[in-house]
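Have a look below at one chain only, the form predicted on its own, in C-alpha cells format.
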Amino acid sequence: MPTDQNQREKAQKWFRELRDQICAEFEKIEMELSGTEFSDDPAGIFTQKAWDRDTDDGAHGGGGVMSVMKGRVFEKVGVNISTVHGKFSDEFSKKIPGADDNNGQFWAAGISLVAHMRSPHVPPVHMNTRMIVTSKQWFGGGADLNPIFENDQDSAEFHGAWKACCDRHDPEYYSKFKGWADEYFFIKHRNEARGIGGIFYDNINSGDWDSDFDFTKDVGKTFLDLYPTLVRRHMNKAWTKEEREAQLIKRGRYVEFNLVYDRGTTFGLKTGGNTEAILMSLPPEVKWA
C-alpha cells in the first residue's frame, strides 16, 4: 500500500481532533439558546459509543466511535469517526480504485457529520472527509447545506466560504467540486436537488500527500468556522406548525437520498461497518406528504 504508517496516523489524529473541536462548539451552541419553546429544556451533550468491526474470517478490522447529541438546538446530530481495514468482496472490489490490483485489501479512515436541527429556520448540514488506501490512495469528502427555507445570505456565505477554501489550494478546485456536488446531491427519482449544494470531491491524489492532506484539513476547518455562524443566526427565531410540517417533509427527501444514492452508506454497509453508525445520518422524525 502506497502510504506509510506515519501518514495514516496523522490522518486518524486529525479526524479525531476535528471531531472533538466540532462537538465542543456544538455543545457551546446548545448552551446559548434563548427565546424559543425549548429554551427551558436542558442543553444537549454528546454521548459516545465505540464499535468494533469484525471481518468475515473473525479477524479484527478496526472500528470507530459514534458521537451523538439530541438537544434543544440540534434535534439530532452525529459526528462519527472510524478507521477500518480488511478486504472488499470480489464484487465491490471492482468498484473501488486500486482494489482489484491489491487482492481487495483496503484501509480507510474518516469523519462523517450530519445535523438535523430543531428549528426549521436553521439549515441541516452534512460534512465528511476521508482517506482511503488500496493499491492506490486518495482523499475524498465534501459538505452540503439543506435548508428548509432557503436564505440568500446563508447561501452566499456557504458557497463563498467553500470557494475561498478551494482557492487556497487550487484555482480549479471550486468550479469542479461545486459542479460535482450539484450533480451528486441530486435526487434523480424526484428530479430535484437535495439542498443548495456545496462541494464534493473524491480521488484526490496530486502526488503530494502533504498538500492533499492540507486541503482535506482545510475543509474541516472551513466547516467549523462556517456552520456555527449560520446556526447562531437563526436558532432563536420562533416557528409555526406549518413550518415544522414543511421541515419534516423535507427530511423525507434526505432519507430517500441517503438510502438510495449515498456512497458513504453503500461503502459502510458493503464493508461490514456498524449499521447504527452508518444510519446515524437519518433524522429522528420525518414525514412524507
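In case it trips you up, residue 1 is the first one in the sequence shown, and so on. Just so it is clear, the structure is predicted and the values come from calculations on it, not from any experiment.
Beyond the structure shown, there is the form predicted together with a further copy of the same chain, which is absent from this document and is the topic of what follows.
Asks: Can you check whether residue 76 is within 4.5 Å of a further copy of the same chain in the model of the complex, heavy atom basis?
Replies: Yes, residue 76 sits close enough to a further copy of the same chain in the model of the complex that at least one of its heavy atoms falls within 4.5 Å.
Asks: Applying a 4.5 Å heavy atom distance criterion, does residue 260 contact a further copy of the same chain in the model of the complex?
Replies: Residue-level check for residue 260: yes, a contact with a further copy of the same chain.
Asks: State yes or no: in the model of the complex, is some non-hydrogen atom of residue 70 no more than 4.5 angstroms from a non-hydrogen atom of a further copy of the same chain?
Replies: Yes - in the model of the complex, heavy atoms of residue 70 and a further copy of the same chain come within 4.5 Å of each other.
Asks: In the model of the complex, does residue 24 have a heavy atom within 4.5 Å of a further copy of the same chain?
Replies: The answer is no: residue 24 has no heavy atom within 4.5 Å of a further copy of the same chain.
Asks: Since the chain is shown here on its own, which stretch among 105-113, 120-128, 184-192, 80-88 would lie within 4.5 Å of a further copy of the same chain in the model of the complex, judged by heavy atoms?
Replies: Among the listed stretches, the partner-contacting one is 184-192.
Asks: Quick one: from 31, 255, 45, 224, grab the residue that has a heavy atom within 4.5 Å of a further copy of the same chain in the model of the complex.
Replies: Comparing distances to a further copy of the same chain in the model of the complex, the residue within 4.5 Å is 255.
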